[in-house]
Structure formats: C-alpha cells, structure tokens
Ligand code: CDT
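Take a look at this one chain, the form predicted on its own, written out in structure tokens.
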Amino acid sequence: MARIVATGAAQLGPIARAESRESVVGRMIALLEKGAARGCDLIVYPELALTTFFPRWYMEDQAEVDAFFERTMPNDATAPLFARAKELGIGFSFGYAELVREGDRLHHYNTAIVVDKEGQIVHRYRKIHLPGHKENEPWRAFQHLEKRYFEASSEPFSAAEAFGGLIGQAICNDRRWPETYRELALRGAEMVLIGYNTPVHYPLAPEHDHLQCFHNHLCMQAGAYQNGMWIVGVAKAGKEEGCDLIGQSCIIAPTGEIVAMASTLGDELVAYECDLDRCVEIRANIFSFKLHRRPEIYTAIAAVN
C-alpha cells in the first residue's frame, strides 16, 4: 500500500511590520482550511511565518529585537492554529524566531517545527547555515542581519517519524548547500520541508537578481533528485516593507520534477499527494548510497578549512 502524504505548500504574502501575530495566524488558519477542503494531511508554512522579515533592519535595542521572538510554542497567539489543525486532523510546520533559555544563557534561533495531527510538536530544527552579516551596512538597500540576531545551531540535521514516514526540515539558506540534503538523506529523511524569505535583490551580486527564482528551484530540484526525496519549498512572498521577495513555492518529487507550484506572490495554497514510496525509484537505482557512494574518498568534504 502506497504511503501517501497529501501535502499543502502554504505560501504567505507580505507581512507588514505592524501586523499582529493574531492577524497572521488568522491568515494561516484560512490556508489550513483550504488544505482541509483538499484533503491535506500536512500544511507547510514559510520561514519566520509569524512576523515580517525583521533582519532587514539594523536595531541596537535588544528589547526591540526580542519583540520579534517567541518564548514558548504554542503561545497565546499561535494556540488557535494548533487547535484548529487538531480539530481538522491536519499536521503542519512553520518557522519562527525562537528565544530560549538553556542553563544560564539566552539563545536566539531561527527555528522551524513539525506538528502532528494530534497537535504535538514532533520535530524542531534550528537553522544551521545563517547568511548575511553582523554589523550595520547602510550602503545596502536593506540589511540582512541574520548573523547578528540569530546564532547558528550546533545540532546536526535530523529526521522524525511522522505522517507514515521520516520527515526532515531545513530553512531558507540551508537549501543552497548540498550537504543539507545529503545529511538528511543519510539520516533517512523521505520528505524535507523548507521555508524561505528570499529577496529578489542580492546586494553583493546584483547581476544575479534575475536568477533568484531559477537558483531557488535549481538547488531544491537537484537536492531532491540526487537524494531521492520529496522537497516542499514554501515562500514568504511579495513586496514586504518595500523589499521584493520571490514566490514560486513548490512541491518537488524525488525525480526532481516540480509537481505543484504557486502562481502568485500572495497567500496561496498548492497541494499534491506525495507518495513516500517513490523515494525508492531513485535510492534503489542510480543514487543507491550503499552500492555507489565512496565516502572513504570524500575526505575534503568534512575537512575544516
């Protein structure tokens, strides 16, 4: 019997800096209900889904920064999403800024969670590949201060048993690195959920601006095919606080084919019935890890430069 996970990629349009979490959660619930009407088992939302993409601003007041972070999950703002999803019997994932105390230290992470159909958090991932810079660079059209506001996770990629298979997560810039997909595949992941907030304009190489949507799909399609896994890539899209973000949220089969894709830059749901058993098509043949990989030869990959 096929292991089908009916999956919805729930793209969000722009979120204004002044928009409340309650308003955003209301938009998320509206997409959830569209997914329920289409028979979805799992709804995937973007990176930092609850707020605007705040690393585009330089802020010196830590309290101002911390206002964008969640101290508990679920919390008062997100509880209605958890409750409605449980009522509908749908799981979901989304990204958010996480403020957590570990011992005597406060940590700031760019985090994503997977919640099962019973409303339980079954997987938490903290972003490993943080892009951007740490200090104010006023020459930019907008800042990208993830390295200032977040710390990179020291925990490896992982996969959790959920929805009848093994589900992994990555966040935005992680999708550009081939090690992300290989690590997850080696840990058994059959589906990887990836939220992103990606500007059209890249200040360090503006000649690449016209390639942003192409590169977005290129890395995820290659990761899907070379590792025999489903990829669900979901955007925060549109013109957000004057910054244009790419859309084209998509679901990618283990063959590398895009099987569903958003066509707008606003709140939009696209869905597909993902058969996890299709991973075998790739993993038992051209990319059979056991038969064809030569990890003893790949000594430079894990070397520290």
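Numbering starts at 1 and follows the sequence shown. What you are looking at is a predicted structure, and each value in this text was computed from that prediction instead of being measured.
Same protein, other form: the form predicted together with the named molecule, not shown, and the subject of what follows.
Using a 4.5 angstroms threshold between heavy atoms, residue 197 counts as touching the named molecule in the predicted complex. The closest non-hydrogen atom of residue 116 lies beyond 4.5 Å of the named molecule in the predicted complex. In the predicted complex, at least one heavy atom of residue 176 sits within 4.5 Å of a heavy atom of the named molecule. Shown alone here, residue 112 lies farther than 4.5 Å from the named molecule in the predicted complex, counting heavy atoms only. Of the candidate stretches 274-282, 256-264, 235-243, 45-53, only 45-53 contains residues with a heavy atom within 4.5 Å of the named molecule in the predicted complex. Proximity to the named molecule in the predicted complex, defined as a heavy atom within 4.5 Å, holds among 188, 80, 131, 164 only for 131. With the partner omitted from this view, the residue of 172, 193, 184, 224 that lies near the named molecule in the predicted complex is 172 [heavy atom within 4.5 Å].
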